[in-house]
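We begin with a single chain expressed as structure tokens, specifically the form predicted on its own.
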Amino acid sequence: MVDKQEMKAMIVSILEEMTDPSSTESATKVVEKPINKQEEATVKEATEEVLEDITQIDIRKQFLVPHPADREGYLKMKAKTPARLGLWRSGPRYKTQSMLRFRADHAAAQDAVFSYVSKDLIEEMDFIEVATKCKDKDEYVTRPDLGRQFDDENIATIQQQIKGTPQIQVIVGDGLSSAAIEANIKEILPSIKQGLKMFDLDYDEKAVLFIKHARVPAMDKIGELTKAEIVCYLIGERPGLVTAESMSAYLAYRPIVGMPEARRTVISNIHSGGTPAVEAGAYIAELVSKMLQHKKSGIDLKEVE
């Protein structure tokens, strides 16, 4: 057996080794030892790896059903709709790729609603910026009534900036998708202008209003303030899981506050996967010409066509 003296000496020896400065320095050196070139290359490769952007996959061409009875028929059906067909499953659940794409598209839709059109774009397009009575996006979503009203300061800005009585007043509004405006506005405005020239019509590029926190009926107040004959309102649509970049064009002949919705003519689904902006612009110009000719819009215009 080890007696007390030997036990004491053993404990002292262990404690001395644990507190020995030389042993601490040695341990530090081991920790600080640089990794070799092979390890360094592996770490660099891992940090530089870029994952595939899952949102770039064309849903109309994606087909995950194993051993289908009629693959070609299924693909023809998918080509006609962006609906999520042929996703397949793992047990009772969607496959991981399908679920991730769903969440990514949902996040893009939320971002489109709660983000703002960049100041750089507004300045680049030389828009006249005004805002409705909504203070922020939360109020905009919960108080649609405020998104169609202007305070005295913004009314004064509109009246000062829009001179005379324009025949065609163009408005741009963020609406429920700022992404839609940023994706389409640079293409659609030149197309509208070029189309109007074919009918010997035009609009003032320096008098285009941009409305922040905009709802569709805001165009009615603009119509009353400017006395414009035609109001053309380009606004971001409510985003869905197919796209967050869809824009609509609302047109009305002499709109007034409180007028029925039936007096509006609408072109919707303006985006790269729907009606292209350039094509929509040409159609808008044609509609403006018809409205001026018949002095009608909406259902009333349909009845005379």
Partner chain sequence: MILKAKLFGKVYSFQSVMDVMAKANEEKSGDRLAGIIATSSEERVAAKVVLAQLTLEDLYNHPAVPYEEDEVTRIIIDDINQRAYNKIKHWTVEELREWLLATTTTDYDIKQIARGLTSEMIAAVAKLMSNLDLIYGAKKLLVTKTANTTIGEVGRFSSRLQPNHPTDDIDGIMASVMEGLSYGSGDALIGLNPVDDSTESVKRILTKFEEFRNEWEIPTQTCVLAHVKTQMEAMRQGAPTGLVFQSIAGSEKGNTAFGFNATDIAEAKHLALQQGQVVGPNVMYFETGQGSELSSDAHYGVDQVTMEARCYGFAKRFDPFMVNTVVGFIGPEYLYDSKQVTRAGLEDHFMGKLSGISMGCDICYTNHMKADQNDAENLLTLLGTAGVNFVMGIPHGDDVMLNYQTTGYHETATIREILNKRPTREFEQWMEKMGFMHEGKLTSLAGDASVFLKK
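This is a predicted model, so every value here is computed, not measured. Residue numbers count along the first chain shown, from 1.
What comes next is about the form predicted in complex with its partner chain, which is not displayed.
Remark: residue 150 does not count among the residues lining its partner chain in the predicted complex, judged by a heavy atom distance of 4.5 Å or less. Contact annotation for residue 81: at least one heavy atom lies within 4.5 Å of its partner chain in the predicted complex.
Heavy atoms of residue 70 reach within 4.5 Å of its partner chain in the predicted complex, making it an interface residue.
Mapping the unseen interface onto this chain, residue 160 falls outside it, with no heavy atom inside 4.5 Å of its partner chain in the predicted complex. Using a 4.5 angstroms heavy atom cutoff to its partner chain in the predicted complex, none of 167, 263 and 293 count as contacting. Out of the listed residues 104, 125, 141, 155, 141 is the one that sits within 4.5 Å of its partner chain in the predicted complex by at least one heavy atom.
The stretch that touches its partner chain in the predicted complex, counting heavy atoms within 4.5 Å, is 85 to 93, out of 218 to 226, 201 to 209, 85 to 93, 117 to 125. Annotation for 220 to 250: interface residues with its partner chain in the predicted complex are 238, 239, 240, 241, 242 [heavy atom within 4.5 Å].
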